[in-house]
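Presented as structure tokens, the chain that follows is alone, the form predicted on its own.
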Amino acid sequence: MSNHTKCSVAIVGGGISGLTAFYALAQARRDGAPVEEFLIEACDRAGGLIRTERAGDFVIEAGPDSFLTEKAAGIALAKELGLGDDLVGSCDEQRRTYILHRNHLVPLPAGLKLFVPQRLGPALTSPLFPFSSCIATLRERFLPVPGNEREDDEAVASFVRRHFGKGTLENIAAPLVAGIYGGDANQLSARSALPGLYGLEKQYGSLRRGVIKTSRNSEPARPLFTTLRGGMEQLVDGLVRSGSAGPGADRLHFGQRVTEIRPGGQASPPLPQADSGRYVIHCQNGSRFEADSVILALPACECARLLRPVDAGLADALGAIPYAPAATVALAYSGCSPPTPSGFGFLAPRNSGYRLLACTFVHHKFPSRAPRGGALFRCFYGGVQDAEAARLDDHDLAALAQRELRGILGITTLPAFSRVDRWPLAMPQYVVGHEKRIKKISAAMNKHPGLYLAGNAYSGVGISDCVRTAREAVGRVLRFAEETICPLSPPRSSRP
């Protein structure tokens, strides 16, 4: 390394993870950290899955519509960006989720934490708990703490059946994990997809016993979800504005699709000797960037493609994380609102006869998302078990959503308009063995100083998880910069 005093850091990917890393590095630089950050994004806009559209008095989210309130990282970031006054909680006085059961919407029993009953009465009297599940639930309270022999991972389906029986799995747990991950309970890892419950089993044996004991010490009730008054894209705008404020307007590079990353010694054409050892980032249009450190904030499969020249074994491990496609259909009704039961929406099991995974009653979930007297529904399609649904063309998918809501809710009115959004790589699948795969990836990453990962493919799929992993990656970058005192290298782009 030369005698310069700053470390150039490239963030590849302009979704919520990449933007958070960009913002946090900018803050650290202003506070005196020896870094110079820049961001490269393939699209012509920032935000990734997060995109908000306003159509009259409707607020339509193309991707995530909120933070999970109990995960603090997203809300903390919004407050840091000066958006605290725009944080809005979900309308929990109407909080109720239904399961489509035998062509009827049946509410989830009161006191349920995911699929774990804290109160016996509502569970044992619900049609979602058949007799065999009621017996299993009564017995579950007395399960012993498992010994150390239960160290291997298992599928969510097996985990749920052991505790609450087949009926609870099919009627409640499987639709829930399909709604969260777009995944199959027979493939998803209990250890990675349900880390909280997995930990309770290790400590208490009985999930009911663990949930009841830990709930006694819980904080006062807060809204389950939190969003932003103007939509989730407010968070994107705040990150871009705060991250790019001040000198250095060329820190954001949109429309640059990265095709390959190589160590500086393997660059073609070669870098000057003083630059050897850096990472070289090649783009589809012929641009080339150089950086001392790189944060990859992309889907794991995209990281695998880019890192193959760096480490084939690492690329194989990243590429082994599967993804499921997702599509959403927003149906907006103005004027006379279609009749809708009170609640946030419903989940549809695979055996329901319908293709949708879930439907959110947006006008009930958050205030001011639809005009007075109007309604806004979001239908979710795709996932592991019906990937083809997410690939239907817009007209066919919107028509399918209308037919299915007609069959389930009896809505015969035509919507004022519809919006279809699709995300081929929205939903990483934490399949059995995910934790071991992540350990393998981490070990391989340790062999490449200055190279870091952030995003939803590793330890949580929500916005707050993305924010947390981005901040963790930035922390590692800052340690790397302090330890190595890399050369000052503002982003340089050379075109053929």
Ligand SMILES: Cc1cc2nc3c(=O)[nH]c(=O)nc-3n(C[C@H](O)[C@H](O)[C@H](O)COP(=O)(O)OP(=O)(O)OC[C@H]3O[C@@H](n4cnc5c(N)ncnc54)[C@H](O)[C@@H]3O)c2cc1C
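Each residue number is its position in the shown sequence, starting from 1. Computed from a prediction, not measured in an experiment: that's the story for all the values here.
Just so you know, the form predicted in complex with this ligand exists too; it's not on screen, but the next bit is about it.
Contact annotation for E37: none of its heavy atoms lies within 4.5 Å of this ligand in the model of the complex. In the model of the complex, no heavy atom of F361 sits within 4.5 Å of this ligand.
A residue is said to contact a partner when one of its heavy atoms sits within 4.5 Å of a partner heavy atom; W423 meets this definition for this ligand in the model of the complex.
Remark: S66 counts among the residues lining this ligand in the model of the complex, judged by a heavy atom distance of 4.5 Å or less. Between 98-106, 169-177, 255-263, 205-213, the stretch whose residues reach within 4.5 angstroms of this ligand in the model of the complex through a non-hydrogen atom is 255-263. By the 4.5 Å heavy atom rule, the three marked residues G14, L49 and F380 all count as contacting this ligand in the model of the complex. In terms of contact with this ligand in the model of the complex, the residue from V294, A375, V160, A297 that brings a heavy atom within 4.5 Å is A297. Between this ligand and the residues I441, V461, V432, I60, the one pair within 4.5 Å by heavy atoms in the model of the complex involves V461.
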